[in-house]
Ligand SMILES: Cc1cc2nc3c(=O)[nH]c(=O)nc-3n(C[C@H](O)[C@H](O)[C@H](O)COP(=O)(O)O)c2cc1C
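Here we start with a single chain on its own, the form predicted on its own, put down as structure tokens.
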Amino acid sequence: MTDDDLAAAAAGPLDTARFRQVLGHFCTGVTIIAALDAEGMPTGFTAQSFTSLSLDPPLVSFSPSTTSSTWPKIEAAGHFCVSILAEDQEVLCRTFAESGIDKFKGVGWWPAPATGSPVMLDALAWVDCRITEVHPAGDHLIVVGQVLSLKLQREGKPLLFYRGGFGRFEA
């Protein structure tokens, strides 16, 4: 540990810009979390916080912001489907990251078999889930979902988020 590291550790509360800078060096995959709302209309948002959680039972998790206007609709549905985006789906990712627009306008999707939640056309894979737990965690929530069905939809490379931008995977 350098003297600068020790000084930073002793400095007290973390600066949010520094927090983003450091954690931005962790690459994440990009997904769309979606469900049908109370009126049967598709709703969803882009999420980078999706992760596998448990094999037995099969569980996944993601973390929506507490200020999300879409999350309460998905929570009320009680289920969701995760579409894992391919490297050629950046435009779709950006669309679902916006607020106050019809995100599904002109977007191809079909209902997942267990819940009817939207599966994005041409996503690499999808994971259809029932919400089992929601935990508060700072300015986000930790949502746990039990996997009901899942499928690899096509071969391809994932869309990745790294240091504030989108990238591609090269082995």
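Treat the numbers as computed from the prediction; the structure is a model and nothing was measured. For every residue, the number given is its place in the sequence shown, counted from 1.
A second form of this protein, the form predicted in complex with the ligand, is not displayed here; the remarks below concern that form.
A residue is said to contact a partner when one of its heavy atoms sits within 4.5 Å of a partner heavy atom; A97 meets this definition for the ligand in the model of the complex.
The ligand in the model of the complex is not approached by F169, whose heavy atoms all lie more than 4.5 angstroms from it. In the model of the complex, no heavy atom of T115 sits within 4.5 Å of the ligand.
Not displayed here, the ligand is approached by V30 to within 4.5 Å at the level of heavy atoms in the model of the complex.
Every member of the trio Q48, S65 and F161 reaches the ligand in the model of the complex with some non-hydrogen atom inside 4.5 Å. Residues with any non-hydrogen atom within 4.5 angstroms of the ligand in the model of the complex fall in just one of 123 to 131, 142 to 150, 51 to 59, 99 to 107: 99 to 107.
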